[in-house]
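Read on for two forms of one protein chain; each stands alone as structure tokens, with the labels structure 1 and structure 2.
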Structure 1
């Protein structure tokens, strides 16, 4: 066990991609417990780790996000958000948050949100007088709304691996996602005068809101179709993802006339690359996960947590600390796949609802997307805008504190998470 764990962390430290690290460590573990005879398990687990129908939703949602970025749907959503809240002090920052909520209901990927708004809203904010680090920080803070409000790729992974209702997870993510938006907007308002954030000279305008709504109606309709279909039980998450791609293509090609054949080819290539990376991590982690199960590591960790305290509140606090710490240094897809089988039984042992536990775990890892040293959204924004990661991270501190506070609230107040699922009878 020590050899496998040492190899795992050693390979990470020397910079080997996480997908390869998981596979190499998993194969080493198989050899350790069964020699050459167990090597055939590697291929079986590699395939078995991906042999879940619900995983088909992920490439469809990724492609839908690519289409929306390229076709201008994202820009129209941003204009509608600006019409709603742009008149406030720090109006474009508030618009960024509201746009993140609208965009979240389509793709469920934080990196897509960060890339889209890093290319559009960050330059617009800088032009209006916002500092670039602050504009990037607002975008990073809003980007984690994407994988919190459904649809969410992380929820698809968690639900598929742990046998938890994906529709239930989707429903449970709605209120936490909206709460993140509202609290981050409160942070922007609190910082408004201190930072001298710009304020529009124009007041709220119903005419402008109606014009922007009409201009972006087809874009706004998309999350209604996706979430309405899933939560009503008419379609599965995978079917909804395919519908999202078809709808985005129809709007982008027929209505907006913004996509060419070359655009579609480029989007398919990019989607394939992103999907390949995520699926390699999932498949490789399946090998390591089987080894961990064979060695009873999840049971050992659960017993260790329970030996420290039998108070559910203490155990929840320990779980949150572990997730936030691991997320700072590991890809969140890999962290979810490795830690979910370890932590899920522990949450059941202290009486947490599986859906509530899933949202808590997912949100904790989402926050890691904007924490150095390996926060994916930080790297995306840095590469898109040219801003240094350390400057973005400094501006992120108030938002990070606020979102950790929301995580704690959600972890210890189950009714906040479970209200919508219970309302829908899930």
Structure 2
């Protein structure tokens, strides 16, 4: 086990692509168990790790983003946002955060959010003078709002696994999701001058907003249509990403007449390549994740960690510390299935409400997607924008601190989470 973990960090630090490292470390683990039948598990897990319908939202949102960029939809949306808040320092960064809240109704996973915004808002922000690492960091920070505000894939898994009301979890996620948005906006505001974030010369004017609104009307309609499609029961959240592709293509080809056949071929190639980069990481992580599950490593570490203290505060701190690391080694859906049954009883024993504990565990896992050096949201952003992981990570630090602080607040202040569910009588 030490060999595999040492190998994992060693190979990452010398610069072996992450998608290779996860697979190589996983295979090393299988070799250690020994036997040809165990080696054959590598191929099975590589395939099985991808065999999940909800992953499909990622390629679709990447493709939709490609189409929106080339057909000018993104540009128009950015113009509108600029007219609304561009006069504020870091206005576009703020609107990125607000957009994450709106987008939260359309997605159940942080990586989909990172794929969609990384491919659209990051280039738009760069165009307006933001540094790319900062734009990526804002997007990464905002991506965890998606799975915190309903719908949320992890909440569905947690609810059915642990016998907790899913409707209750959905309701409980709303306030924490909004809080993440507000706190990240506060970080942007606080850092704005220090980082020299852009600010447009023009002041706010109703005329400019109206012009921009008319100019970008079809683009603004896009989220309305997608959200409408979900809420009215036409599509599931994953399928909604395919609706986004449809609408963007329609507007791009029929209305704006901005797309040629060659454009479309190029966009499909780029979509498949980015998807390939990210999916290689997911598939390889599934090899390592299976090995860890088979060796019962997460449970063993959790048990060892939690045997260290009886103090409720220390236990919560240890749980959070454990969860924040998990995203390094495995897919968080798999991690939740393994760890929730180990951790939830402890939270119950120290008197936490099951819904409250669920929100805390889910949020911590989602944050683990962007803790450097290994996390799926970082990889998605790196591959869609071409920015280096190191630079994104560095820009992300203040946001990460803020979000961990929110996580701690949520852990220790139950009313914050439980307010909405209680209000709704759940």
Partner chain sequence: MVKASNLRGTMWLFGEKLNWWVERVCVVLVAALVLDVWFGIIARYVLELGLTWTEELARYIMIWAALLAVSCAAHRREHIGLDFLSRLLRPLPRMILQTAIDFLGIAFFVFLCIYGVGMAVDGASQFAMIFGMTMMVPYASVPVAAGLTALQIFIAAIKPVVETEPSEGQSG
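Whichever C-alpha set is largest while still superposing within 1.5 Å between the two forms counts as the rigid core. These figures come from a predicted structure and were not determined experimentally. Numbering follows the first chain given and starts at 1.
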Q. Looking at both forms of the chain, which one is the form predicted on its own?
A. 1
(Q) Quick check: residue 20 between the two structures - does its CA shift reach 2 Å or more after fitting the rigid core? (A) yes
Q: Examine residue 39 after superposing the rigid core and state whether its CA is displaced by 2 Å or more between the two structures.
A: yes
Q. Does superposing the core leave residue 359 with a CA shift of 2 Å or more between the two structures?
A. no
Q | Rigid core superposed, the C-alpha shift at residue 292 between the two structures in Å | A | 12.1
